[in-house]
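Two versions of one and the same chain are coming, encoded as structure tokens; call them structure 1 and structure 2.
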Structure 1
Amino acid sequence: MKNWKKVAAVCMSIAVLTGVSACSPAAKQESDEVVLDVWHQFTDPESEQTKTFLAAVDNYESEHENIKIELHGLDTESYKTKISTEFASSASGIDVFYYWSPGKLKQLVNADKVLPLNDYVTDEVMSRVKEGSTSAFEFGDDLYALPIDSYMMCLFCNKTLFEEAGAEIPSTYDELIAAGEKLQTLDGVTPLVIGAKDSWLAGALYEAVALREVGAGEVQAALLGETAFTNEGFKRAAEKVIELNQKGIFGKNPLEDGEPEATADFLNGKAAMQLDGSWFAGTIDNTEESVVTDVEVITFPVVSEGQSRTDYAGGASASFFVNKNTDTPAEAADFAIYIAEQMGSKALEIGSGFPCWNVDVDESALSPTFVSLYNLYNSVETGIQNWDGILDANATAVHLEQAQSLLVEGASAESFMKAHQEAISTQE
């Protein structure tokens, strides 16, 4: 049995959601104020995730009169830089921080910067977490966070345009090409928009194909350096991305536009498919000026019969962690557990993802596209996160640059493989 399941019964008697844990020093005296410095990247005031996060923080403070939460928020890219800089030393101004796992977190764990939560997560808390959803946050026998929600990278298909072109929603690589060729006959319509000017989406495209060529287990093993990046499926995936681009499936210049432009094209009926994350369902259904009315959501079509259709790009990838150098570990752990459950339990309601917590789901309350997405999510099994959440910083930079290089004239699968082999083999 994992160590975090061997917590004293007195700690199990009080639910995390309803007050300070009985084993927390915060329960001693209300007059002993504890200040927790919490770092996060929820800075968009219009975002439902931001609203949910801030509401949960307010609730926590109202339930814990002796605890004050000091919030420190930055946009995503600035945030990543800030956290890396802080943890290069003691990160003394951080008690709790939002971060991504397993790849990026593993570096901090290896440097002994993150507090394991084994002594703070009770059986009662674990009973509320979906089975199997904590794997990205476990290293050895230690648990470093509880998940919030799970995401998927999907193809969002405008069924109206498919019908106009006489094309079928693809389930195989050959069907994707066939559909793309028919969709190109529609005036002003791009078969599949990527937004590859944003390098992470160029990476997501290649990763989706590689998953279908290699399989989730082999992909993860290669990225973590457990096996060499030599599987021929990785090369075949690069060749397929090159082929799709040469056939015009991604439009004339897929590197010209980023995610905002790709989204605008899809919502305006100028793109038949868009590759994006599960959060895009909310955008489709909540954008009043959208002309898209009938969407089917699919995982990337299989490219070989040998790979499982139940593998998917995505999974639980981020949560709140505790700085091992914090002066108040019990309080920080209590808050990290609380905020993960609060945000995870609201994931379906706000359309941010699929909750990793056991909650009742009223499908009638979900938006139409999210219903399709939720049904798809219930049909998959093994997820593999975006590679930039697994590889170290240098290997990530190489991967994303190389993924974009597959979308230019003269692209080379051989160069792609060589660059990845060198970068992954020299990871920290």
Structure 2
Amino acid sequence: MKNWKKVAAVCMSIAVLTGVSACSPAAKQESDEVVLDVWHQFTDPESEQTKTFLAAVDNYESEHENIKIELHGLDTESYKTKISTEFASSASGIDVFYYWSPGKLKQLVNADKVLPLNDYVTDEVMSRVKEGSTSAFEFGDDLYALPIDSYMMCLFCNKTLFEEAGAEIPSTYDELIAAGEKLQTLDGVTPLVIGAKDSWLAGALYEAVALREVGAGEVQAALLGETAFTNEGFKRAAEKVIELNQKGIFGKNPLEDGEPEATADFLNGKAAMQLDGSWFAGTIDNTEESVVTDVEVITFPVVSEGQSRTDYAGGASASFFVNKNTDTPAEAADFAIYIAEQMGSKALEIGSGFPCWNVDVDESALSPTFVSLYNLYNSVETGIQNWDGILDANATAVHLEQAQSLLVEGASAESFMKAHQEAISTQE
């Protein structure tokens, strides 16, 4: 019994001391420190985007002594899974998170998981954002994030290989086939690498053709369910992808390789064209081992002569959002706005995309491929995001697996259409 009393006395003493120390000035100062848990997908240490992101985080911490940023980074595919799982529970360990809008974000907004930033975005901040670039982040009257940059899907062409094969850079679908046939005669060269093992790239390929077949307005309307997914152009686009594959334009087995392998092929001079986002320009210019020296960037060829080329696949789609359950909404919102502006302002410099912020562009500082890309970007008008940024999760999965299915033996445009019609019509 005596021992019990001793133990109780020691416990009481510890409790009292802890209580007293919690009220001391030192502890008060400590409790003023705000820790922001920031979830992101910038994990490639070689990437300029990662370097820019980390530098911006360091700057923010040094400018705000009471704020500490805890970073939680995963590569893109793992990140998507992990963050969905987090939000399926309380997501209590997330204050700020990188995400894709409007498609994927809509689900979180509907579940009331995202903090609108209306109260935190001042007129002064908005004056620095390019007009019209926030639409992907608005639902109703609420603005959920400020954009970072815009991207654009393009065809990157290795002009040296085109010259060797005596082929012209294609501007129409027929020219693409003609160039592909000539390029196939070069030993070990794939005319156009897709990296379709990564399903979003298979999707991007189909989307590029569909955009030319039906136009940005019709694509947008069909994906949002405003019109049925019955336009014959969608079917023709599927048939064209099948045709290109059967003609060997994408190599023997386009589904065997993902984006890294496709990129390696292009940079090693084993592929004459690569379909990828604008960020690929930075990769081309910053990879020292690359044997590719002369690159022309074009938008995807049109399907008929004289067709307008002003529609493009791309836009502002991803940014940093604030978890509605955060304990520190003001600090989290301030950081989300800061990091979007910092990364957006550097987008041109690092070749990741086109800034959605008003920045002065010094073309002499840009990489050569990016200058060509920037000129192309200035010539297009109506952008539509990759479909996985617009469709809901289920329809996205169906779309991407169906886009891959166009590249297998026995592919069928009819079953492609049927699967899309079912998936898109059941979207909420």
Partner chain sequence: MKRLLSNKLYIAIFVAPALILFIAMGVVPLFITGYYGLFDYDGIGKKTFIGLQNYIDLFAADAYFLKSILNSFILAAGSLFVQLPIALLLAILLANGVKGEGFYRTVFFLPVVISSMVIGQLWCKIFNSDGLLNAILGFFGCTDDIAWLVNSKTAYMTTVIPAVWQSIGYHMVILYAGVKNISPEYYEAAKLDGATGFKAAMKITIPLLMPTIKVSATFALVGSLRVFDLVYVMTGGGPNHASEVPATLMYDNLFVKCRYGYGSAQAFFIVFECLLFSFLLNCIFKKSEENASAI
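Counting starts at 1 with the first residue of structure 1 and goes up one by one along its sequence. Small disclaimer: the values here were computed from a predicted structure and weren't measured. Heads up, when I say rigid core I mean the largest set of C-alphas that superpose within 1.5 Å between the two forms.
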{"item": "Selected structure - the one that is the form predicted in complex with the partner chain", "value": "2"}
{"item": "Threshold 2 Å Cα movement between structure 1 and structure 2 at F162, rigid core reference", "value": "yes"}
{"item": "Yes/no, K182 Cα shift of 2 Å or more between structure 1 and structure 2 with rigid core fixed", "value": "yes"}
{"item": "Flag for S135, CA shift 2 Å or larger between structure 1 and structure 2 after aligning core", "value": "no"}
{"item": "Distance the CA of G306 travels between structure 1 and structure 2 [rigid core superposed, Å]", "value": "8.7"}
{"item": "For L224, CA displacement between structure 1 and structure 2 after the core is overlaid, in Å", "value": "2.3"}
